[in-house]
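Encoded as structure tokens, the following chain is the form predicted alone, with no partner shown.
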């Protein structure tokens, strides 16, 4: 059984992480997250009054997430505009973030989250969720906790985290989660593949460990910006 992967990592190693907050000056909040060669940028606008008014919800804000991939993000050009895949990821991203937000504090408004993948090497939805969570915090929107996200699987009998490149095809199951570590709540759980219940549980536990690592990096990125602005 091999303990090293094609990029030299061990089974429980996450790709090199880089996170930066406040990367888009015209947004209310923004962030960049890179996991290895996968790079996501998120921008948040709002809360702001929702128009047309018939779309407003009287007792809460509406959270809108739009996920897209830049045409140059992969070696094969991505067709511009929405696709079935981007619509599905936009939906699960919104659902993963909503439990962290006090939407009831902003009735009749909208919070718009835009996620752009500028470079892709697997794990784009998880990178996008990490970036979106940071951008929401950067916008000063009240949150129960940051949302972190990573995918895990099982390759050659070994639980493996942060799948990259061809590992998504090699794994028995690609299992991305989104997670709020402080309150120990999973907000997204998807599974592409087939594994026994025991292996699903083991994979989820490994993914949660990875999320806790990313959580610390998210906090460092926010603290770095706040310190720069004298808000720490």
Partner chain sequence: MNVQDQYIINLIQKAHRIDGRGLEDFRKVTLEKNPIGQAEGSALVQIGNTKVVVGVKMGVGTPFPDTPKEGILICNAELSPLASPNFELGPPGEESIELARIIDRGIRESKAIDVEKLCITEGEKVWMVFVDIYPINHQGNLIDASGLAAASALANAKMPKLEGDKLIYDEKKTPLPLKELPIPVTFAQIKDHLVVDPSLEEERAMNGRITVSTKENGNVCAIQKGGDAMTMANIEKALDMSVKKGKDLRKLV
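Residue numbers count along the first chain shown, from 1. For clarity, every value in this text was computed on a predicted model and none was experimentally measured.
The same protein also exists as the form predicted in complex with its partner chain; that form is not shown, yet it is the one meant from here on.
Its partner chain in the predicted complex comes within 4.5 Å of a heavy atom belonging to residue 95. A residue is said to contact a partner when one of its heavy atoms sits within 4.5 Å of a partner heavy atom; residue 24 meets this definition for its partner chain in the predicted complex. Taking the partner from the other structure, its partner chain in the predicted complex has a heavy atom within 4.5 Å of a heavy atom of residue 87. A residue is said to contact a partner when one of its heavy atoms sits within 4.5 Å of a partner heavy atom; residue 182 fails this definition for its partner chain in the predicted complex, lying far away. With the partner omitted here, the stretch from 102-110, 154-162, 118-126, 132-140 that lies within 4.5 Å of its partner chain by heavy atoms in the predicted complex is 118-126. Of all the residues from 191-223, those having a non-hydrogen atom no more than 4.5 Å from its partner chain in the predicted complex are 191, 192, 193, 194, 195, 196, 197, 200, 201, 204, 205, 208.
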